[in-house]
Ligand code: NAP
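Here's a solo chain for you in structure tokens, the form predicted on its own.
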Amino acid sequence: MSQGEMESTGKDLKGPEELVIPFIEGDGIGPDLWRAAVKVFDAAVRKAYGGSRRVLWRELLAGEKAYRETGQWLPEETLTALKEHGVGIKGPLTTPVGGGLRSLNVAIRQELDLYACIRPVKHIPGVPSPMRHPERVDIVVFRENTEDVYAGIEWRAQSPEALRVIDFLNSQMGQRIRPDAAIGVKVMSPYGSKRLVRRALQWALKHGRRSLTLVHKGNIMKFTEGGFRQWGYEVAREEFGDRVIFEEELIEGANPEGKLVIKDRIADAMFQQVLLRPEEYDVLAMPNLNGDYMSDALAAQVGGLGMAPGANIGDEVAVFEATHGTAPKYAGKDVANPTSLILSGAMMFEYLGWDEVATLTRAALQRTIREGIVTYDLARQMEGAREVRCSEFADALIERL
């Protein structure tokens, strides 16, 4: 399976020869990345379909540009347009400091109910890595996107709200919490956990993966993280029972034909596993915070966040995004690596059913890197590399389509 392969489980978006796709260019290095990426996308569409299909790109506002032009960090018109089109792609967005939204990325996911963050991680030959065998990494992370501590339910230390919650917990629930503590609530439900695991199971079975691992900290947080593990097993058993087998049922040395193996691992142990034995894991499903850590740690094994694509998918809308930050000190300098955004675009075209575009884009990217043509972040780690600017990297990809 190619990196980022993704089926569309949302709306049927294949129809017209001209397809309108919204984009948010992003903050910091976002405009540089978008200018490079959109050239590659348009060239790949032309190469794949010879003019019979094309994309009409519709800009939406979010982040610093939105705030400058509208006074809002995330205008309602942007969310409405994403709902209308059912798909979009975005660059990195800043997090407002000292006010405004807690996180623009989290806000988009929660407002559009994009409950599955999907991060495929696979090494591209030639990309420098701290690992001795990065080629063994071929793992897809399914991260629950709307619950856990990212729900943002918390109160400042010594605030009236925190004091009320502490008083309730101490007087009514038998706890002993210091009165000067900040308070946060970790929210995890059967509904949120099951739909994430269900989507991961559907995807793993469709693409012939060998195993799905539930990753959790249920040994300590028994009713939240432990609940995720329990609910995940329930979905596998009740809805996919004839197509899966559980790890404890395996006979040593046996590889059940056509069965997806279901297993679970404690989160901290899993970090060790993906370093020492990544080839033993295919699809990982996990709660929000652990998924955030794990997907970034895996990306580091294959060259960093600049090489990692991502998608946030719900039942009605899908938003594809660069997975790294805004890197403001490089903004406007045309030096950033656009690979994350380009690979996320390849995922998006697969989601839309335009598989030929995704295949051409990935192949051109691999050829370019194999020839040692890379941006600054990779060139400084590669002997004999030809360092190019962000825009020049896009041109090199287009030449190799």
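Because the structure is predicted, anything quoted here is derived from the model rather than measured. Residue numbers here begin at 1 and follow the sequence given.
As for the form predicted together with this ligand, it is not shown, yet the points below apply to it.
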Which of 66-74, 330-338, 40-48, 361-369 sits within 4.5 Å of this ligand in the predicted bound form, heavy atom basis: 330-338
Residue (of 62, 343, 29, 357) lying close to this ligand in the predicted bound form, criterion heavy atoms within 4.5 Å: 29
Partner-contacting position among 110, 95, 273, 129 - heavy atom within 4.5 Å of this ligand in the predicted bound form: 95
Site check 33, 321 and 376: each within 4.5 Å of this ligand in the predicted bound form by heavy atom: yes
Proximity of residue 288 to this ligand in the predicted bound form, heavy atoms at 4.5 Å: no
4.5 Å heavy atom contact, residue 386 to this ligand in the predicted bound form: no
Contact test in the predicted bound form: residue 90 vs this ligand, heavy atoms, 4.5 Å: yes
Any non-hydrogen atom of residue 78 within 4.5 angstroms of this ligand in the predicted bound form: no
